[in-house]
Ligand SMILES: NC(=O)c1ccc[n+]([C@@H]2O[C@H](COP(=O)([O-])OP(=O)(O)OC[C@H]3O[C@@H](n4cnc5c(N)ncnc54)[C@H](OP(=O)(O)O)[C@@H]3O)[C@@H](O)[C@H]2O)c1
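Presented below, as structure tokens, is a lone chain in the form predicted alone.
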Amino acid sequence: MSAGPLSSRYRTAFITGASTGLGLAFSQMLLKEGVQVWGTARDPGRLPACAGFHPVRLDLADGDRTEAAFREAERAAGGFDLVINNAGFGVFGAYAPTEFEAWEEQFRVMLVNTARLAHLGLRGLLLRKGGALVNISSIAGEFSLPYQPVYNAVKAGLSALSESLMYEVKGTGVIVIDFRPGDYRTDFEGSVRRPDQPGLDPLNAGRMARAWTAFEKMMRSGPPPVHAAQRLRSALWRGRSGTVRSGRFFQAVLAPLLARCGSLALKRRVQETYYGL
């Protein structure tokens, strides 16, 4: 890792979901590197108040207002050198018994409107002929979390979007990073939505209970968010498009190796055993 500050490459940054978890850790890392940060939250009162940080009210549920908020922040910053799409949320439940509105909102917030921000951000970066677009996807796009079907789907979709954009930006001075974190101690599980599921059968109810217990244990035993921030710093300093996996050794190294070398059936058996399914 270079001893030089990231501000020598990235003067300004836009980060969604900057009030807690990984988004807050990314913001703190960039501020220490001398980068001016425009960070978003639905409630700006939850955002840090410190030099170099500019709070932005943004609710990804509303695509038009999301675009307007980004454009206003971009004008204030004089353009962004770094755009990090981090905001999102979990929904835990069986797919069929849960009303589709819950899944539709997750698609809209975490894929459609996040892709909209990526589109806006990438346009600005290409005009400036430099900088980085970072989409925070997840290892869940490769190893699906039981009873979080749309979370898995949107994260896989973000990874596919990033992979495609890597071809487009080659030779432009812009890089695209698909950042795939595993489990971190962020209290993500504490904010996961668990909608009503009328008619849920007893078999699925038992499986869900075991899956949730394993999920909570996995999240609470993960590394601290600062670990992810340092991994992102290293990737930004390298200045190359690519996929970055981050998390505990099994998730960041062994699990991808299993995905490449093992069968899909084996991967599913490993998941079923871990989650008690």
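This structure is a prediction, so every number in the text was calculated from the model and none was measured. In this text, residue numbers run from 1 along the sequence as written.
Omitted here: the form predicted together with the ligand. The next part is about that form.
Chemist: Among 197 to 205, 166 to 174, 121 to 129, 86 to 94, which stretch has residues with heavy atoms no more than 4.5 Å from the ligand in the predicted bound form?
Modeler: Heavy-atom contact with the partner occurs in 86 to 94.
Chemist: Would the ligand in the predicted bound form be within 4.5 angstroms of a non-hydrogen atom of every residue among 60, 137 and 219?
Modeler: Looking in the predicted bound form, the three residues 60, 137 and 219 all sit within 4.5 Å of the ligand (heavy atoms).
Chemist: Classify residue 238 as contacting or not contacting the ligand in the predicted bound form by the rule of any non-hydrogen atom within 4.5 angstroms, answering yes or no.
Modeler: Judged by the heavy-atom cut-off of 4.5 Å, residue 238 is well away from the ligand in the predicted bound form.
Chemist: So in the predicted bound form, does any heavy atom of residue 187 sit within 4.5 Å of the ligand?
Modeler: Answer yes; at least one heavy atom of residue 187 falls within 4.5 Å of the ligand in the predicted bound form.
Chemist: Taking the ligand as it sits in the predicted bound form, is residue 19 near enough to touch it, meaning that at least one heavy atom pair lies within 4.5 angstroms?
Modeler: Contact check for residue 19: yes, within 4.5 Å of the ligand in the predicted bound form.
Chemist: Does residue 42 make contact with the ligand in the predicted bound form, using a 4.5 Å heavy atom cut-off?
Modeler: Yes - in the predicted bound form, heavy atoms of residue 42 and the ligand come within 4.5 Å of each other.
Chemist: Please tell me which of 74, 142, 183, 178 lies within 4.5 Å of the ligand in the predicted bound form, judged by heavy atoms.
Modeler: Answer to the contact question: 183.
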